[in-house]
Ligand code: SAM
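One chain is shown next in structure tokens, namely the form predicted on its own.
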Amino acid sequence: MYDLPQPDAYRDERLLMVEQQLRARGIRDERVLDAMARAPRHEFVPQEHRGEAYEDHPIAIGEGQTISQPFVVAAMLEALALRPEDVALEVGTGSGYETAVLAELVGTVYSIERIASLAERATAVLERLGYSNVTVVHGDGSQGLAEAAPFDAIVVSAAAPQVPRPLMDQLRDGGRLVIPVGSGFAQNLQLVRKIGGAATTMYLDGVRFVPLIGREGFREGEWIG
């Protein structure tokens, strides 16, 4: 868990984000709200964007990737109904911000990122902030992380053409998976539960993410959006 510095120059902005962008728009999980009141989003955005770190929109982080808007992060994590003892997998580390929020909510976080420079940068920030329950891996997130499975919860921060089979295989029975599925034109956020080895799916909301590139996702050049 991240120890907030004293004084914290962004504390008021972060708390305002939680109240106006999250609680006011229907986020009710107090553990998620508290985690996002603690995780320092400004530490995960480029220096030139720190002034807008707590605004309600995505922010470019380089390599054609973005840090998702706070409400989307909160909605995805709330849907997972996370518990302190859970082992979670994040597909698409990106900046490392959602990784940090996850680390506030569960016991162990594995995060996989296909772009080496982003994986290295996120690892450095997470280590500097003291998130010791996180392991970031460079690799193809569409294939999951079999060596660390099974997972109680999996969150995918990129859009896939369908739910990747390896992710379902690596989900513990009773586990939950949240993933945007669709194309560059239309995506739907799905909550998938694995019960008795079978998948049950709930459709949550329309979203817009960058593509999940990989063996079980989109191929380079396939994405149109």
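On a predicted model such as this, the values are computed, not experimentally measured, just so you know. Residue positions are given as counts along the sequence shown, with the first one as 1.
We do not show the form predicted in complex with the ligand, though everything after this point is about it.
**Student:** Counting only non-hydrogen atoms and a 4.5 Å threshold, tell me whether Gln65, Ile112 and Phe209 all contact the ligand in the predicted complex.
**Tutor:** Contact check passed for all of Gln65, Ile112 and Phe209.
**Student:** Work out which of the listed stretches, 46 to 54, 31 to 39, 152 to 160, 188 to 196, brings a heavy atom within 4.5 angstroms of the ligand in the predicted complex.
**Tutor:** Selected range: 152 to 160.
**Student:** Out of Val106, Leu145, Leu118, Leu129, which one falls within 4.5 Å of the ligand in the predicted complex, going by heavy atoms?
**Tutor:** The residue in contact is Leu118.
**Student:** Does any heavy atom of Val136 come within 4.5 Å of a heavy atom of the ligand in the predicted complex?
**Tutor:** No.
**Student:** Would Ile213 count as a contact of the ligand in the predicted complex, using a 4.5 angstroms cut-off between non-hydrogen atoms?
**Tutor:** Yes, contact at 4.5 Å.
**Student:** Check Val91 for me: does it contact the ligand in the predicted complex (non-hydrogen atoms, 4.5 angstroms)?
**Tutor:** Yes.
**Student:** Would you check, heavy atoms only and a 4.5 Å threshold, whether Asp140 touches the ligand in the predicted complex?
**Tutor:** Close contact exists here: in the predicted complex, Asp140 approaches the ligand to within 4.5 Å, heavy atoms only.
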